[in-house]
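Form predicted on its own, single chain, as structure tokens, below.
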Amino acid sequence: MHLTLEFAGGAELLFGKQKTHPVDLPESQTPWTIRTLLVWMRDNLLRERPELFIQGDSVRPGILVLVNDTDWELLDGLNYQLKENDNILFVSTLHGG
């Protein structure tokens, strides 16, 4: 399954300083969800400081997740079943200072 993952607001710094990642997820017996995507991202894309992006089985509070420009909370959150060519944007709203 092909997806586009995008990172903004500083989240891209954790993913090799790259804002856009086109990815092809491996075939799976069960449908891909955002929950399973986060595990795959942690194991395959996350370059440093996973505690700044993932907390438990979800993203940390303060990271906005949009699926095709729609807030993931309106789409069943972690249980949203990914579809071919979905665009998922992770925006960090956390800033040091």
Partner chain sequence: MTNIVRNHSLSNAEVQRYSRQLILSDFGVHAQERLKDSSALIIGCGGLGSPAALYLASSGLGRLGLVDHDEVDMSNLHRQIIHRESTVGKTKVESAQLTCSQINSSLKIDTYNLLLTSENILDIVKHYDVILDCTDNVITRYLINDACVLSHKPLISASVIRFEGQLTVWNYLEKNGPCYRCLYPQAPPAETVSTCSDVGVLGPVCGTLGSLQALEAIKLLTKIGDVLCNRMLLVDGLSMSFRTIKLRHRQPTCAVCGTNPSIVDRPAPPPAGQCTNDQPCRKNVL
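For clarity, every value in this text was computed on a predicted model and none was experimentally measured. Numbering follows the first chain given and starts at 1.
Separately, the form predicted together with the partner chain exists; it is not shown, and the next lines address it.
**Student:** Could you confirm whether residue 46 comes within 4.5 Å of the partner chain in the predicted bound form, counting heavy atoms only?
**Tutor:** Close contact is absent here: in the predicted bound form, residue 46 is far from the partner chain, nothing within 4.5 Å, heavy atoms only.
**Student:** Looking in the predicted bound form, any heavy atom of residue 1 within 4.5 Å of the partner chain?
**Tutor:** Residue-level check for residue 1: no, no contact with the partner chain.
**Student:** Closest heavy atom of residue 27 to the partner chain in the predicted bound form, within 4.5 Å or not?
**Tutor:** Answer no; every heavy atom of residue 27 is more than 4.5 Å from the partner chain in the predicted bound form.
**Student:** Contact with the partner chain in the predicted bound form for residue 37, defined as at least one heavy atom pair within 4.5 Å: yes or no?
**Tutor:** Judged by the heavy-atom cut-off of 4.5 Å, residue 37 is well away from the partner chain in the predicted bound form.
**Student:** Is it true that 8, 70 and 87 each have at least one non-hydrogen atom within 4.5 Å of the partner chain in the predicted bound form?
**Tutor:** Yes, all three are in contact.
**Student:** From first to last in sequence, which residues of 18 to 33 have any non-hydrogen atom within 4.5 angstroms of the partner chain in the predicted bound form?
**Tutor:** Only a single residue, 19, comes within 4.5 Å of the partner.
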